[in-house]
Each structure stands twice: as structure tokens, then as C-alpha cells.
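This text opens with one protein chain seen in two forms, each one given by itself as C-alpha cells under the names structure 1 and structure 2.
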Structure 1
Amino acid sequence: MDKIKINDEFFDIMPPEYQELVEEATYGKEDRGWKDVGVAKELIEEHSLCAGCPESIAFRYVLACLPNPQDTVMVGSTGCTSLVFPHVAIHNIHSLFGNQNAVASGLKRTLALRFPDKVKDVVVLAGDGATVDIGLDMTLQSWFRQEKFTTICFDNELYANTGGQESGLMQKGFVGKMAPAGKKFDKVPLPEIARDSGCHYVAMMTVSKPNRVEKAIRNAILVAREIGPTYIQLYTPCILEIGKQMMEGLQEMRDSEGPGKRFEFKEYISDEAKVFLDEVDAERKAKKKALRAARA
């Protein structure tokens, strides 16, 4: 796997942070994953989000679980997530509010034409306002067209970075700082809409269980690469807007998942995607078995 290298003649004049990134990054490491968070510089050493924000750890998990990070382009939108992209060592595009799936559609098709012999993954990462409210039309149209990329929604159940306005994914009855009348109807069931709109892999969860997040992100990207659109919805509560302290984000997520709760784990896989993922799993197990035999 090719990695970025610094020309020997220019190595000494490059910033030490860049030297370290090129030499120590986990890109190319086949078993990279969420366990590299905390030791890998490219998995957000620093960020500009609020202290204790669950989005920061969710972002790290997503970056750590990308199967092909050096050839992945992420498309973001206006929102808290856009504050993090300048700190990550991965190709990314900031789109206008809500049109991230339209931008990703054109990007994915262009990359396929420009690099026909190379795998190039495209991943959309946006908040619930961009995905469900302002950008719902473009989100759905990309699914209807069977565009081959993954859409990840950081669901914090309101417009967090503009003061707490109501969003379509806000829970019924919640009173926000800028929504004093309270939400009058239930959360928009976007996972079910995604399934019925042609997505081949759909999952909804909190980010309190990193193993589950890692598996879902990888499944979604691999299925999108080979078959068609996929969707992941992750609960990343805004601790400021729901009145929590910076150490309470993880517990808020744990309290919101489980049977009957609004973030009960959901996973939908199309028949075509099931066959494909079974093949991937069998290939992975065979590879591990061969490695063990070689070491024996």
C-alpha cells in the first residue's frame, strides 16, 4: 500500500508535526481500528469542539475505522462537524449546508472516471440538520440513484451550533433554548426511510460501544463501494443544549440505548449485501488462519 513520503532533501525543513504524521500514521496498517485512538496522531490529536463533546470521540472512531483512509474523501457540511475537519489528516470537502450528498454524488462519479483502476471511497459526514431537514431532498435523491457512497449522520437531535433550534430528529416533547414550544411530533424515522429508499446497509446506534461502531462503519463503506448507498445514524448528544456536564456525555448515550429506547440498535442489510458481507468475512477468516499457520 502506497503511503506519502517526504523527499529526503526536504525532510529537515518540514514541520516536525508533519514529519511525525508521515512516519507514524496508521495508514496502511491492515488491522487499524478504534483501539488506535489515543496513540495515532492523525485520529484528531486536538479538536476545536466543546470539552467532553461526544462528537469528538465519534469522529475519532469514524476516522480509525475507514478501511482505505489514504484514498478516502469525506464530504462535510455546515455544523459542529465542520470545525473538526481542519484538524484531520484526510482529504475532505466542505459543502454548502444541506447539499453534501449532491456534492458527494458528483465527486464519486468523477473519481471513478479519473482513477478507474483504484479504489476511492467517498463518505458524507453531516449533522441531523443538514441530513434530514435542509438536505433531505439531496440525501434521498442520492439513495434513489443508488450512488455508491456512505452517509453518516451525527444525530444530536437539534441545531446545536446555532443555539438549539428544533430539527426533524429532535425527540418528541423536548424543549430547546430556541424551541420553547417543544417538539410536537416524533423523530423522523430516517433509518427506515433509508432502507425503503434503496440503502443496502443501514445502522443506528450511539457511540458508547466502539466495537459495534467499528463493524458498522466498515460494513457500510465496503457495501457502498461494491453494491450501493449505505447509511449510519450515530447519536452524539450536544451536552450544552441538553444541560449535561462534560463528563456526562457517555452516560447520556448509554441511557438512551437499549430495547424500547429511542436509540435502540437497528441494522438493516439487503440480501445482496448479506451475501457480499459473508464473503468478506470468510475471506478475512481465511487470511487470519493462513497467517497463524505461517507463524506456527
Structure 2
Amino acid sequence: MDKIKINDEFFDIMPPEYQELVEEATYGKEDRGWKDVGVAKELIEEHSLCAGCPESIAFRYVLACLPNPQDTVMVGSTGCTSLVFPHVAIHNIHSLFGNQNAVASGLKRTLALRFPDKVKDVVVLAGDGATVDIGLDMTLQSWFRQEKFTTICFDNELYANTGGQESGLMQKGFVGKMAPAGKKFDKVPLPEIARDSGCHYVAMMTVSKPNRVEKAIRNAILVAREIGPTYIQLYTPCILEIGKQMMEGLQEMRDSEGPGKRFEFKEYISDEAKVFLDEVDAERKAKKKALRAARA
């Protein structure tokens, strides 16, 4: 890794935070993951979200679990995520509201064209309003076209950033702004739509279990890189808009992920992706075994 270097002669006068970033960054570390949250400089240290917002921890998990952060470009959309991206040491594009999968399509193809011999990952991160309502056409069409990037939806079941208006992923019956008599139709089954629209890896869950989130994100990005589009839907409740306290976000997620609940864990893997992921797992296990043998 020679991505970030400081000229030796200037090292001691650089801000300590920058020195730390250069020396301690997890860039290039194969086993980087959610456990680096809180110690690695390149992950979010501060954020401008509400205290206790589950999205802030989801955001950190996503960043910590990128397999290739030094060559990953993220595409966001208007919403609370766009308030955090400025704190992130990864190139990110926030262009308009709802067009994130279209922007990512152009970006991914250009990066493939310009860097044919290099892995460049593109990851879309947007809320449910951007993904499932205003941007649904572009979300779906990027999957139909088999664009090779991962779409992550932070599902908080409403338009959080604009103050809690009805979204397509809101639960039926929920009384929200613009749904004054309760939402009239069911939560849009986007994981199933994603599977049927050509996504090769789909997962839906809350972010209460970091190991599971880590595995899903890695799987999704690796499958997108090699095979085709992937989709992850994470419940990141907007505690402000559903009337919870700052310490209640985790419990809200746990209460919503049991059997038969809205965020019961779901995972769909295409046959092609399954073969690929089995190979990746076998390779990883062999590496670990070799490492253990070398230590012994």
C-alpha cells in the first residue's frame, strides 16, 4: 500500500491526526471489519447525525467492512447520509435526490474503462425514499442492466431528513406526515423485487448484529465486483421520527428482527453467486489454515 504517504521531512510537522491516519489506516488490510470501528482513523470519528441514530453505526459498519476502501467510490443521495459523507475519507458523490443508481452506473462503467487492470468498487448508499420512491426506476433499471455495483438502502421506513413523511417502505397503517390517516399499502417488498430483477446477492436485516452485517456487506461487494448487481437493506430506524429516545435504537432493531417481524433476516443468493462465494470462503479458510500452520 503506497496510497497515502507523507514526505519524511515534513512528517513531524503534519497534524497528529493526519500522521495517525497514515500510520494506522486499515487500507490494504485484508481482515478489516467492524471491529476496527472506534480505533481506525479513516472511519467516521464524528458525525452530524442525531445522538443515538442507528444510521451512524450502520454507516461505520459499512465503511469498516469495505473490502477495498482504497479503491472504492461511494455514491449517496440527499438525506441524512449526505450529512455524514463529508466526514468520510473516501471519494463520494452526492449529486441529486434519487439518481444514485444512475450516477453509479455511469461511474462504474467509466472506472472499468479507465482502469481495466484494477479493482474499483462502487457502492451506493441511500435511504428508502431515494431508493424505493423517487429513485425506484433508476434502482430497478440498474439491476435489469446488470450493473456491477452494490446498492445499500438505509431503510428507516420514512423520509427522515425532511421530517418523517410517508415512504414506500413505511409499514402499512403507520401514521406519518403525508399519511395522516395511516399508510394505505404494504411495505414494498424490495428484497424480493431485487432478487427477481437480477440481483445476485440480496440481504435484509437490522444492524443489531455486526458480524452478520459485515458478512453481508463483504459478500455483496465481492459478488457485485465479479458477477452483477447486489442489494442490501438495513433497518436503521429514525428514532426521532418514531418517537424513541437516543438509547432505544438498538432495542427497536432487536424488536423488529424476530421471526415473522418486518426485518426478519433474509438472504437470497443466485446459483452463480453461491458458487463464487463458496470459492471465496474456501480460499479464506485455506489462507487462515496456512497462517496457523506457519505460526505453529
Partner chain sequence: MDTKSLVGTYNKKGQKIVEPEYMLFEAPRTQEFMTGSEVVKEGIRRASVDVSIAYPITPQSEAAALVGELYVEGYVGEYFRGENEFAVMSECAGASFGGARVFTTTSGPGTLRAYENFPMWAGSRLPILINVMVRGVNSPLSIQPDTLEMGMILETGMLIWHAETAQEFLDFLLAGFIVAEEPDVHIPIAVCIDGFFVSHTKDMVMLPPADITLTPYDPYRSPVPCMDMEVPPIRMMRDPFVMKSNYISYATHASWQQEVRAACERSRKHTIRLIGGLIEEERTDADILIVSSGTAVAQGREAVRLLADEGIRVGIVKIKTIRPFPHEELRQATKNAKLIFVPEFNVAGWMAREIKAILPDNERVIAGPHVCGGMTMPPEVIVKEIKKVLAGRKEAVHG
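All residue numbers here refer to structure 1's sequence, counted from 1. In this text, all values refer to a predicted model and were calculated from it rather than measured experimentally. For the two forms, the rigid core is made up of the largest set of C-alpha atoms that agree within 1.5 Å on superposition.
Here the chain taken from the form predicted on its own appears as structure 1, while structure 2 comes from elsewhere.
Core-superposed comparison between the two structures: the C-alpha position of residue 280 differs by less than 2 Å. On rigid-core superposition between the two structures, the C-alpha of residue 16 is found to move 3.3 angstrom.
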